[in-house]
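What follows is one chain in structure tokens, specifically the form predicted on its own.
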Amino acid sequence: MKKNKFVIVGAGSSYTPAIVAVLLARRDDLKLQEIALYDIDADRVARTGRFCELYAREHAQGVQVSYTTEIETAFRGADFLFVQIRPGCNQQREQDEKIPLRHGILGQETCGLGGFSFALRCIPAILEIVGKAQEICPDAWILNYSNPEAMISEAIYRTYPHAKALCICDMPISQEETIADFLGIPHKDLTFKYFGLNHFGWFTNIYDKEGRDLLPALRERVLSDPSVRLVNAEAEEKHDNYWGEMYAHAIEGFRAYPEFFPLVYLSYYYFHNEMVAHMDPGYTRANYVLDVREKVVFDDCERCIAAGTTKDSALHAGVHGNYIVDIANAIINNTHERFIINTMNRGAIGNFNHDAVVEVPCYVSAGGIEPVSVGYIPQFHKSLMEAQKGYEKLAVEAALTGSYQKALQAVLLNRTVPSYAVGKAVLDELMEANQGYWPALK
């Protein structure tokens, strides 16, 4: 029986222990033999790597876990690459968020000009990784989890159209599970119809096992009851109600444009000024991640390494780890399960650019993916997507060609940018802050 080697690329991430825990827990289904953790940062990968080695010895003897900064060592013999890189780490994310906010526009890691900045750092690194994979392990499946997925997927599919690459995001399924909990129905008993771009999409129907569409009743409830919340505020972590607030904005978006239920990130475009007004330019989400999430995870890694055991570790798996492993399982075991994937349109959305990457439901099997036909979409949503896709494609052009003019054109197409003066000022400051990370723009 074929045994599989999984490689986590960007394994110095705080998400790595949870992904490894899921892989090890499902080792029989995945026919798992080996996990290699790869990162260019020796200190970060040693910390997560030593923790994961210890965890594997205690929870899954027989599965080899190793870590390295040598890409050829990691990739040799690989069957799956899980890619989750963040060039510049959260320190550069902080700049992505704070520079736009100083000019009164959105600072966020994937949306607005923060996402643009992240894309210009990430695209060259991602393409180098995919290129190396084509040389070293050309038959390996590449599952990309790196943000900003919308532009990274455009770059990968354009540059390496024949690579076995799937670009995925756990936000749609996270929102599906949140809605399922709100409805009081197991997620597995619901089928969600969806279309859009990454972090820019809509749920059009929610079918139960009997084929009844539950979205109209949900719409009526939201429109008639101003107190509706998808997530109970009391259930949120006391120190971080970020997602509770984001889901509250999604409800506002559904109430404002009630045809379809928006993905939470659309709130940044629907209610840009209102959301920016409540952001702290001095302390952004990047600061929280650095101060809380990374500290909690890395402190626990170091504590366990020092103690020589992970048995009382607080690190555990969640949706982020489950989703990417579920997709790998669908490929390995040819299950034809349905997932939301970023893929070339090629007619899935009938009245949208056929050579653009879109985010739609797909059936996943050993042979790859089969996108679900969405049909024609309404003019409102199509027009929003066309402007966003124009921005994304120009951002990719800027990353691939080093064209300042393409970068400026991309910036001015983004819906969060109110004028040429603001867009150019933010672009120039981001360019200065990203010297050594961005391609040189000329």
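Counting begins at 1, following the sequence as shown. The structure presented is a predicted model; accordingly, all values stated were derived computationally and were not measured.
The same protein also has a form predicted in complex with a small molecule, omitted here; what follows describes it.
- With the partner omitted from this view, the residue of M171, L266, I85, A119 that lies near the small molecule in the model of the complex is M171 [heavy atom within 4.5 Å].
- Only one of H103, H249, R285, K98 comes within 4.5 Å of the small molecule in the model of the complex through a heavy atom, and that residue is R285.
- Contact check for W243, V289 and R293: all three have a heavy atom within 4.5 Å of the small molecule in the model of the complex.
- E109 belongs to the set of residues with a heavy atom inside 4.5 Å of the small molecule in the model of the complex.
- Residue contact with the small molecule in the model of the complex: N147 places a heavy atom within 4.5 Å of it.
- Stretch-level contact analysis of 300 to 308, 272 to 280, 163 to 171, 361 to 369 against the small molecule in the model of the complex, using heavy atoms and a 4.5 Å limit, identifies 163 to 171.
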